[in-house]
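Below you'll find only one chain, the form predicted on its own, shown as structure tokens.
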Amino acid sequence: MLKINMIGCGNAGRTLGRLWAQQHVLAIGGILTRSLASAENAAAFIGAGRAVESVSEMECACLYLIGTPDDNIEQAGVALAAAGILKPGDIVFHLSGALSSRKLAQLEEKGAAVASVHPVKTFADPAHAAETFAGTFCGIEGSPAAAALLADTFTAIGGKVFTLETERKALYHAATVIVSNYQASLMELGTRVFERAGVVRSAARQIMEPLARETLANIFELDAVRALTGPIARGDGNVVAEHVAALASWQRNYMDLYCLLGQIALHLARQKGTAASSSLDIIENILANPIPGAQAH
């Protein structure tokens, strides 16, 4: 088995390390974290590896995982480059969803191949994450040699690998934030509007749950176009105008968000083709010019 050294070993690193060790995919070498005690805890969780206090204490390996927080990735790469243990052809990669392999460009000068791999999964509980990792989508970008080997390495533990474009990595990560983190924000926005309408929060959550779950199911079972319902899909401009006016009289920034999302819904409605084009044109004008002088604040 190829050996991997781990610089930074938080929840994601611990999860991956345990899977690689248990499934005999990689041999775990040195493990470096913020303290020797946490490195020892990581090694115990993984069931393999040796805790070290610096990069220079690591033995040579073929792969190096930088599993630090995003802000520390470049600094960890600098430390690895200065340690003198890299060999030409070694592979160094990080796990950031937002940052590309370019953050490790200084290691290419040492002859290493660099990449990034982003498992699209929550790692709040490493033990549970290891048990449920199979089927996790993993976005990979970087040098072809590194990407090819890492694709095999992640596929071996059940990952579903897909290729990312290095120059568009930030857009990819923004997409994951929109469909995950901002979905929570959207549900909170809906709750606040329910409350403004006189529905208490606990009841609002009960009303929202089946509606949200059924909508998501329709989106993934059908597609966004066929899943779209409501006033914009029907071409009901009067209802849209009422919504806009009500929101504008309370929170104009919420109105702006309603109009922005409505414009995307309008695009879907035109594809759906169930509403008259003239009706959708009226809605388009309402969303683009909701209330004269109404701006977010």
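A residue's number is simply how far along the shown sequence it sits, counting from 1. Only a predicted model underlies this, so the values are computations on that prediction, with no experimental measurement involved.
Form predicted in complex with a small molecule: not shown, discussed below.
- Checking A146, L95, L80, C138 for any heavy atom within 4.5 Å of the small molecule in the predicted bound form turns up a single hit: L95.
- Partner contacts here mean any heavy atom within 4.5 Å of the small molecule in the predicted bound form, and among 266-274, 228-236, 250-258, 34-42 they occur only in 34-42.
- Remark: F133 does not count among the residues lining the small molecule in the predicted bound form, judged by a heavy atom distance of 4.5 Å or less.
- Contact annotation for P69: at least one heavy atom lies within 4.5 Å of the small molecule in the predicted bound form.
- The shortest heavy atom separation between A151 and the small molecule in the predicted bound form exceeds 4.5 Å.
- Of the heavy atoms in N11, some are within 4.5 Å of the small molecule in the predicted bound form.
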